[in-house]
Structures are given as structure tokens and as C-alpha cells.
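Only one chain is shown below, in C-alpha cells, and it's the form predicted alone.
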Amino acid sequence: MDITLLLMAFFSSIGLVFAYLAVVERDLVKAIIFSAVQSSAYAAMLYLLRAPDIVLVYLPVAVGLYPAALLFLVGKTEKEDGE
């Protein structure tokens, strides 16, 4: 079996697990971090599919800019207990 297919299956599984964790997580900061890890796994899959030009745009936006903006916005909100 080709190593590329095994790596695609591995990164696909990692992406799926972290996407699920990002959706079910109640803490916004952890959900943003899970989403960034999921984006990294998908970027690795794009690289394995030989699309480096897309990876060069996807990584800074999906792993850098988007989580940074969300973390900045979450930091501006107040944390209150819902009791």
C-alpha cells in the first residue's frame, strides 16, 4: 500500500476527531485551538495531494489569522457563570 494513502487516512482521521472536539467543546478557547489543529491536518492533506500553492494560503489564514482574530474577540468578552 502506498505511504501517501496511509498518511491521507491518518490526517483525515485527525482532522475528523479535532473537528468533532471543536464542535462539542464548551470552552471557546479550547474549541478555537481544536479548530486550528483540524486546519493543520487538512493542510497536510492538501500538501499530500500536491497542492502546495493552496497550502501556502490556507495555513496562514486557517491556522494563524482566523484563530488569532477569534482569540482576540473572545478575550474582549466577559466571562460569567450561568448559574
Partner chain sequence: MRRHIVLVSIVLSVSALAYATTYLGALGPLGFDTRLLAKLFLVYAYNPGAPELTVMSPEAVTSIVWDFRGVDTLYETVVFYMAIVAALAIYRGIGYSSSGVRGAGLSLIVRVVTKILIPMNVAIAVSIAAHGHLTPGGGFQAGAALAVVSVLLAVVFSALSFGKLGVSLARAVALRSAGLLTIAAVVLAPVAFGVATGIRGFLMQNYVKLDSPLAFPTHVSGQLISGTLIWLNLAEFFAVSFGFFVIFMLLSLREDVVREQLGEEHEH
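Nothing here was measured: the structure is a model prediction, and the numbers come from that model. Numbering follows the first chain given and starts at 1.
Keep in mind the form predicted together with the partner chain is missing from the figure; the text below concerns it.
- Among residues of the shown chain, Val61 is one whose heavy atoms approach the partner chain to within 4.5 Å in the model of the complex.
- Taking the partner from elsewhere, Tyr20 is found to have a heavy atom lying within 4.5 Å of the partner chain in the model of the complex.
- Residue contact with the partner chain in the model of the complex: Ala9 places no heavy atom within 4.5 Å of it.
- The partner chain in the model of the complex comes within 4.5 Å of no heavy atom belonging to Val29.
- Proximity of Leu16, Asp53 and Leu56 to the partner chain in the model of the complex is complete: all three residues have a non-hydrogen atom within 4.5 angstroms.
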